[in-house]
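Next up is one chain by itself, shown in structure tokens, the form predicted alone.
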Amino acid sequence: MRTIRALLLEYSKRFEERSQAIVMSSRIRLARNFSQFKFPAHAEDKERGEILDFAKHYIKKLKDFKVFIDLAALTDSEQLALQERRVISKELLERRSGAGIICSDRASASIMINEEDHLRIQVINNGLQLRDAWKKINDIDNTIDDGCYAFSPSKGYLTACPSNLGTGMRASIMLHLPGLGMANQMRHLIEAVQQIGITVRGIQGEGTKALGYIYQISNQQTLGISEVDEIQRLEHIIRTIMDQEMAAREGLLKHNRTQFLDKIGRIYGMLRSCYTLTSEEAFEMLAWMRLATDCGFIDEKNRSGIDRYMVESQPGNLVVLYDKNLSAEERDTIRAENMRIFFRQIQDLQF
């Protein structure tokens, strides 16, 4: 089996693509169940094993999905690293019996087996590329399905949680919204979008903090609307939020320019000279450097590298990528060294 480290390195190649301002990534997820089996939460260990074998048989039809990962065979650090990259969920970790993941080579597409539903298919793209993600995931879904899914002509796809009933689709966008956050407008935004069936969460999903002013914004409606219509609706909302974020940033630069530039300059200096850095500190500081890039103070070619370090500096990723057990202190030291090397090769801030 391909090692998790090799998979993470392949996954990181997507950061070679030029990243976008404000919108960090687009993800579409489909919940699917096989008609002849109980939902995973109600299945005994033996049946969950049968579900896993059944799923692997159908997924063999997918040419690009060659990486099978048995969750029970992973170390705690490997599980954490995959969770940090949103390849697996906390829910899957809680259901180890019969749990598995099948990934495409770069893990831009993956399928969790025996999570809340039999299959959780997902595709992740850089930037605002929901339509491309939908095309990819729809092709995957159609290839698997030959009438094996639990489906009702009146209700759509049957899912373990009623909130997914219908399309079974969750489309989400990862947005960097420091302008709205610093202007204290996020609370108003969250209340406004909730009224039209849109939810706002932290970077790792429900119940998590929005570190670095990074939020996941996703649809809630899965019943009574087509996937394409919901994607178009979400895209329209995202573009409106992007316009509001740009206006908020312009306001900060106009009315609080000195304090704004001082904050960016201080963080830039710290990253070039620090010798110890926690995961949360690094994430928050890198988010500020991403903002500096968006504003033109750092060459935008460095934004992809910043995005990459926001992922690779997390605890599980550091342990797996360095292929050795690391204490918290050792991780903090390595993380700081990586930041020094990366930011010292960046030209001075262009204020």
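Numbers for residues come from their place in the sequence shown, where the first is 1. Worth saying up front: this structure is predicted, and the values here are computed from it rather than measured.
A second form of this protein, the form predicted together with a further copy of the same chain, is not displayed here; the remarks below concern that form.
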| query | finding |
| --- | --- |
| Sole residue of R170, R85, R272, R233 within 4.5 Å of a further copy of the same chain in the predicted bound form, by heavy atom | R272 |
| a further copy of the same chain: the contacting residue among G224, P162, G251, G265 in the predicted bound form [heavy atom, 4.5 Å] | G265 |
| E281, R344 and D348 each touching a further copy of the same chain in the predicted bound form (heavy atom, 4.5 Å) | yes |
| Listed range touching a further copy of the same chain, judged in the predicted bound form by heavy atoms within 4.5 Å, from 214 to 222, 140 to 148, 74 to 82, 254 to 262 | 254 to 262 |
| 4.5 Å heavy atom contact, L277 to a further copy of the same chain in the predicted bound form | yes |
